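In structure tokens, one chain follows: the form predicted alone.
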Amino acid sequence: MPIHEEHLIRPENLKTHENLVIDGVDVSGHWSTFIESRVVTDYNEAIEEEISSLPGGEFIHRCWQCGSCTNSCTVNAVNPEFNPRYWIYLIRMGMESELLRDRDIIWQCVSCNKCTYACPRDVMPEGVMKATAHWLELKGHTPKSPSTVFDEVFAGQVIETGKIEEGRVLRHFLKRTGQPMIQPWLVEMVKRMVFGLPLKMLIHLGLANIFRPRTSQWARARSAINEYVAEKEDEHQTALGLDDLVELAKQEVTSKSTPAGE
């Protein structure tokens, strides 16, 4: 289904003629605003398949472009350029270059799930937005978003110890995102904890930061989880064709490091 909304047309593609007469009718100025014709030659026919292979994107093929997702979107209410329906359209049309023009805002989805509740086709638009953001990162089009970094830190700690220690998660997240460890909101939260929590709980939190408690007999579970994660990462790499790119990069490095004549 074609996109007709004027606000979705790139400004550089709208042309207005100051003086134009067609069949004897003066259509100068506003009346002569036309959409510049163009030929799209950089289709990526695999983009829908690639995104549908990632968690959350499995049902993108169900979309019939009703617009319920964008109409209910929390972020769209603040920033009209955040348009899940339009991006799903671009993905299904294979218009990768157009999608990449919005790569800096796609990750801003707040996972409120209003779009998912409103969708009559069970496309799970929230999942599609997360899959698209993940696709952008895996393809190297965008750096890892703060939410991705937090997910990695959180999951890494759970896999390693079988427990969640909020203080360590927060410290590692701030460090990996280049943020200062001392922030006004964090200082205020610590003050309220010191004066509001029982002494026994404060001691427990302090010791957890030092000794890193672990779930008993966690080694086998950790091994199984790591094996599963590696398997899924391999699947995603293969689906996105990244295995071939890695292999080509290795071959290039090898050829450059091999002395001539050998």
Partner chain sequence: MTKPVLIVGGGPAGLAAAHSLASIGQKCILVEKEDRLGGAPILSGYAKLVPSGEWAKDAIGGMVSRVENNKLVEIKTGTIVNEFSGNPGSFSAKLSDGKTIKASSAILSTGFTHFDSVNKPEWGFGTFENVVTTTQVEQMISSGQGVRCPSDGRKPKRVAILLCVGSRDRQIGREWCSKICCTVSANLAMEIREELEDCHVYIYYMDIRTFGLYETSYYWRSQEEFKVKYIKARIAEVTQKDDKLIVKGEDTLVKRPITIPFDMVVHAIGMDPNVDNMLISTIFGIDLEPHGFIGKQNSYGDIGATSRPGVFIAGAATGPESIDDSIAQGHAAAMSAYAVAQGAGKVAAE
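Everything numeric here is computed off the predicted structure, so don't read it as measured data. Residue numbers count along the first chain shown, from 1.
Only in words, not in the display: the form predicted in complex with the partner chain, which the text now covers.
Site annotation in the predicted complex: the residue of Arg103, Lys139, Arg121, Arg176 reaching within 4.5 Å of the partner chain with a heavy atom is Arg121. By the criterion of a heavy atom within 4.5 Å, Tyr86 is counted among the residues contacting the partner chain in the predicted complex.
In the predicted complex, the partner chain lies within 4.5 Å of some heavy atom of Asp42. Heavy atoms of Ile51 never reach within 4.5 Å of the partner chain in the predicted complex, leaving it off the interface. Taking non-hydrogen atoms only, Glu96 never approaches the partner chain to within 4.5 angstroms in the predicted complex. Taking a 4.5 Å heavy atom cutoff to the partner chain in the predicted complex, the contacting residues in 59-84 are His61, Arg62, Cys63, Trp64, Gln65.
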